[in-house]
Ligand code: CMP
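Just the one chain here, laid out as structure tokens, in the form predicted alone.
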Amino acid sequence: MEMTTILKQAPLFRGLDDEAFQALSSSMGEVQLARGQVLFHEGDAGNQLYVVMDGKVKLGRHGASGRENLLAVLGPGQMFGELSLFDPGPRSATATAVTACRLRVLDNADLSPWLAGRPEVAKGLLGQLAGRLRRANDVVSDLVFSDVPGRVAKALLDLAARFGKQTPEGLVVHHELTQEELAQLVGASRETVNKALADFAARGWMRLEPRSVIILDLERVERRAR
């Protein structure tokens, strides 16, 4: 996909005309990360937002026990770090490259004038924050009301919606996550998540591959996620 098209998918740029898009995007820098490289840590000072152009980035937090929980796995066209533009406090999560990736970065100082003069930019950022809040509410609800297999099915469907590729064999989802990272994403132990995945595979709903799955029966997985 063309890089301009990917950048325009980010909430920051939705609704901008071509002239405004070019002006704002031209002030953005670029960052490249190797697989496993940390962009910033939870608690770090930060005043920049990022748009994923290529690859995948995970956002995680560590609990009091030291266990990491994944808040999100982001791919091309998705944005993060925007909280620092409104609240220049410590970073609320650690951002790590799941794969080699390329990001575009925008400083608060470059964006602030646009927020004052272009309400569509502020609207895009507020939409991003609203989406973040809705996802947080969904996570809390799932932890209370859904069992682990249901949460695993829902997480795989979310990953499939963004990273899946339909093939004659099935819906191939190269999520690039380890089993431990999948467990962190659904808030469960690795053993419990592995058991759920093995059950799905035994039922013929999917086939498990290293850092990926092939969903063979999408309807069954969708039912299990409800």
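Residue numbers run from 1 along the displayed sequence. Not measured: the values here are computed from a predicted model.
Beyond what is shown, the protein has a form predicted in complex with this ligand; the following relates to that form.
- The stretch in contact with this ligand in the predicted bound form, judged by heavy atoms within 4.5 Å, is 86-94, chosen from 103-111, 147-155, 119-127, 86-94.
- Interface membership of residue 72, defined by any non-hydrogen atom within 4.5 Å of this ligand in the predicted bound form, is confirmed.
- Although the partner is absent here, residue 59 is a contact residue: one of its heavy atoms lies within 4.5 angstroms of this ligand in the predicted bound form.
- Remark: residue 163 does not count among the residues lining this ligand in the predicted bound form, judged by a heavy atom distance of 4.5 Å or less.
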